[in-house]
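Coming up is one lone chain in structure tokens, specifically the form predicted on its own.
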């Protein structure tokens, strides 16, 4: 997630947010790199991203412990990721190549290579209210989906990381006046993602706000454009990413929280958590985390990649 200087640059880089067509709550795509096979004649993945995967480490055989989640994934030959297909710069399916691209998507592919030896991923497109169930019932191995670490979630799932830091911000339709800070939401109808930290954060700064929730970021953006609320509270990283394509919406003010993203794992799977944290440290030390950021979020935010957050620095991680 983005540190304060990077967040400020993100706001300057893009002050609008985009509506994205709503995807079904559960859809999957798979193939090498986490997407359907590239159609004939389609362009190859960007060189920088391809280089990142080529240079990504592979775990030693001794790290794949017998009977572990890692061994099951390696035997299957595919990492199953709970994530998004419609989050620009983070995890979005390219309609031309079929590839799933973005910061979260690239990290998922690098983790797959670390376990399997190649970046073979299947993405289950999940909603914010389904992620815990997908992990607990074994539908997915991990979740890469702007998954903020909270004490409540840590009672249901395990978190590796944190691997990124962002913060909640406020978006409105362009032309709306009277909302310049979170406290201005008090007494108004505000949109938030279901089962997200935005809900208690809104209640804290605007206790008289009426909160309406939707299952995905695209649904929330669409509801805002339809006038079903006067504002939408979401991670600024998502809002700025959406801002690449929709000038009708805008971000107001600066982030008013600090939210660490974690890699969601099945609850109490300490072996997998230790393994994933070890992998995360390796790609940070090798500069591959920074390269993934530059290939995605860094195409909007100018300057060098921020320092990744310290692994294990957040309660619950």
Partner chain sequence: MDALSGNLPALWDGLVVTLRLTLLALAGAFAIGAVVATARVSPVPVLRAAGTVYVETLQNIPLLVLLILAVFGLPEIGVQAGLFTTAVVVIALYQAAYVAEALRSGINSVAAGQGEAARALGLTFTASLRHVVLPQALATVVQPLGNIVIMLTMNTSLAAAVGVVELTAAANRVNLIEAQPIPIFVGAGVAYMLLASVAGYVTGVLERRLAIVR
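Numbering follows the first chain given and starts at 1. Fair warning: this is a prediction, and the values are worked out from it, not measured in the lab. Between two forms, the rigid core is defined as the largest C-alpha subset superposing within 1.5 Å.
If you look for the form predicted together with its partner chain, you will not find it shown, but the lines that follow are about it.
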Contact at 196, 214 and 219 by its partner chain in the model of the complex, all three, heavy atom at most 4.5 Å: yes
Interface membership of residue 156, its partner chain in the model of the complex, 4.5 Å heavy atom rule: yes
is_contact(residue 129, its partner chain) in the model of the complex, heavy atom dist at most 4.5 Å: yes
Residue 174, heavy atom within 4.5 angstroms of its partner chain in the model of the complex: no
Distance check, residue 223 to its partner chain in the model of the complex, heavy atom within 4.5 Å: yes
200, 117, 187, 247 - the one with a heavy atom within 4.5 Å of its partner chain in the model of the complex: 200
Option touching its partner chain, based on a heavy atom within 4.5 Å in the model of the complex, out of 181, 204, 228, 72: 228
Option from 206-214, 100-108, 78-86, 118-126 whose residues, in the model of the complex, bring a heavy atom within 4.5 Å of its partner chain: 206-214
Rigid-core frame, C-alpha of residue 132, shift of 2 angstroms or more between the shown form and the other one: no
Large Cα shift (2 Å or above) at residue 225 between the shown form and the other one, core-fitted: yes
Direction of the Cα shift between residue 87 and residue 195 in the model of the complex, where the change is 3 Å or more: closer
In the model of the complex, whether the C-alpha atoms of residue 215 and residue 96 sit closer or farther than here (change of 3 Å or more): closer
